[in-house]
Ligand code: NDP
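As a starting point, one isolated chain is supplied in structure tokens, in the form predicted on its own.
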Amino acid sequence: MDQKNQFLSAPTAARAFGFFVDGEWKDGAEHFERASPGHGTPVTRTVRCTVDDLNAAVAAARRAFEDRRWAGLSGAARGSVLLRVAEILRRRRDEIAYWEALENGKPISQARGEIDHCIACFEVGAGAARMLHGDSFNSLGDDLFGMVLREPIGVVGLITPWNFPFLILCERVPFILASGCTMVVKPSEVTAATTLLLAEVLAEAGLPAGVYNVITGSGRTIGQALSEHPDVDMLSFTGSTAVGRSCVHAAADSNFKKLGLELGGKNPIIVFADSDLEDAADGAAFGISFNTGQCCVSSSRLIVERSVAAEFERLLVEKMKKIRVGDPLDERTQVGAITTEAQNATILDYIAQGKAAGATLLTGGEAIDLGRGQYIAPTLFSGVSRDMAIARDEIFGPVLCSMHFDTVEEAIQLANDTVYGLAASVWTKNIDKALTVSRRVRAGRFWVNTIMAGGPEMPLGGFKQSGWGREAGMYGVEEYTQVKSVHVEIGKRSHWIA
């Protein structure tokens, strides 16, 4: 049996994982068993760590940072480790994708594509480790020379979500490591397996003990304790805006740690009449259905020019009805299972609210019974007004709301009519419209005639209540550094005291 076929059926028993501190695997007294959302059967068993476990992990990360076993290496040496990680990930791609699909419910083909992106993240991070630099000022006169140094910020706490457990992890870890920092990672308790597998990979690649530590458990206890920890220098959190706000309070109440936050989104996809409507329809269907819409950058608000709205919605309905919803381990599946029971209930409740508010349901709007697991059909509402909950709240599911406009100015106003500013997309063949909209819509990531495109060379992050800071690329490495100004006097000092 080849490796790919080996990972196309659910396991017969849950796989047990420990947690990882100071280069060693440890076990705990209490455990959490995770059932696959696509199959309803147990697939993993992870430790419910204690705050004492977290404190030990932070202490290990602090020792590893202070003795400079990682920060003291050259960028080239750090980059070599990151390149070895990429090589190992390439070898273990199908295995990691399998556990990602099992715990999250995403299609196996999508999971493999995400691992490819993660490999690229480590390759880009390796180059960034060598390119990280400061600056110099030769403009202070003959008696003074100035240097600007970039130094690693220290111990980083990293809290990752359940929707992209490995991808979001790998959009941060290689860049944190490139900067010279050490870290403690707290994955979602429902999707912890691949974060723990990365510990194996990093150790095999030669990362020193204590640089990467993983503590498993709930956000309410372990996540909160990590965000409040006085010996953590920076916290990177990806998740809801509500929890991001609590991270801000925790940081302020503890040690004023620096924060990197990637939070919620209610992202517009703007379609003009002069666009290729078939391309735009395919992009809109993909943008709301990718990862079952459980994606912070999913295009959940369709803003379409009124003159073509009916035709465009007809094309979009045809596309959405053809999407293959099914078993995450089926190669043909395009949309898998909803990751948690709570999220499944939330999505169905928003669909009910949309119907009750008077929006017109054009397709979907229901759960799909496949005999096991939890699935929701890709859903399109038309006749949506900007005051409806389905138009304003982040649903985090495959639910797209269509609104209409007549002018470029109106399209921009509709796009910006949200507390969020994470991502946006515009579809037009007119370069003036494309540039005007992309410059005036307030979003951290923007796509023109495409959706969710790009690589780890480009920065990620949001405007407004979608977060602070940037991840990936050189911006993502610099995010985990602090800047120090150094002044060097040359020659004899001019004495203040004669």
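Sequential numbering from 1, following the sequence displayed. Please read these numbers as outputs of a predicted model, since none were measured by experiment.
FYI, the form predicted in complex with the ligand isn't displayed, but the following is about it.
Asks: Among 85 to 93, 127 to 135, 108 to 116, 258 to 266, which stretch has residues with heavy atoms no more than 4.5 Å from the ligand in the model of the complex?
Replies: Checking each option against the 4.5 Å cut-off leaves 258 to 266.
Asks: Give me the residue from 287, 336, 364, 217 that has a heavy atom within 4.5 Å of the ligand in the model of the complex.
Replies: Only one option qualifies, and that one is 217.
Asks: Quick one: of 80, 382, 224, 416, which gets a non-hydrogen atom within 4.5 angstroms of the ligand in the model of the complex?
Replies: That would be 224.
Asks: Quick one: does residue 237 come within 4.5 Å of the ligand in the model of the complex, counting heavy atoms only?
Replies: Contact with the ligand, yes.
Asks: May I ask you to state whether residue 394 is within 4.5 Å of the ligand in the model of the complex, using heavy atom distances?
Replies: Yes - in the model of the complex, heavy atoms of residue 394 and the ligand come within 4.5 Å of each other.
Asks: Residue-level question: is residue 208 within 4.5 Å of the ligand in the model of the complex, judged on heavy atoms?
Replies: No, no contact at 4.5 Å.
Asks: Classify residue 161 as contacting or not contacting the ligand in the model of the complex by the rule of any non-hydrogen atom within 4.5 angstroms, answering yes or no.
Replies: Residue 161: yes, in contact with the ligand in the model of the complex.
Asks: Tell me whether 302, 410 and 449, taken together, all sit within 4.5 Å of the ligand in the model of the complex, counting heavy atoms only.
Replies: No residue of the spot touches the ligand in the model of the complex.
Asks: Where, within 173 to 193, is there a heavy atom within 4.5 Å of the ligand in the model of the complex? Residue list please.
Replies: If the 4.5 Å heavy-atom criterion is applied to the ligand in the model of the complex, 173 to 193 yields 186, 187, 188, 189.
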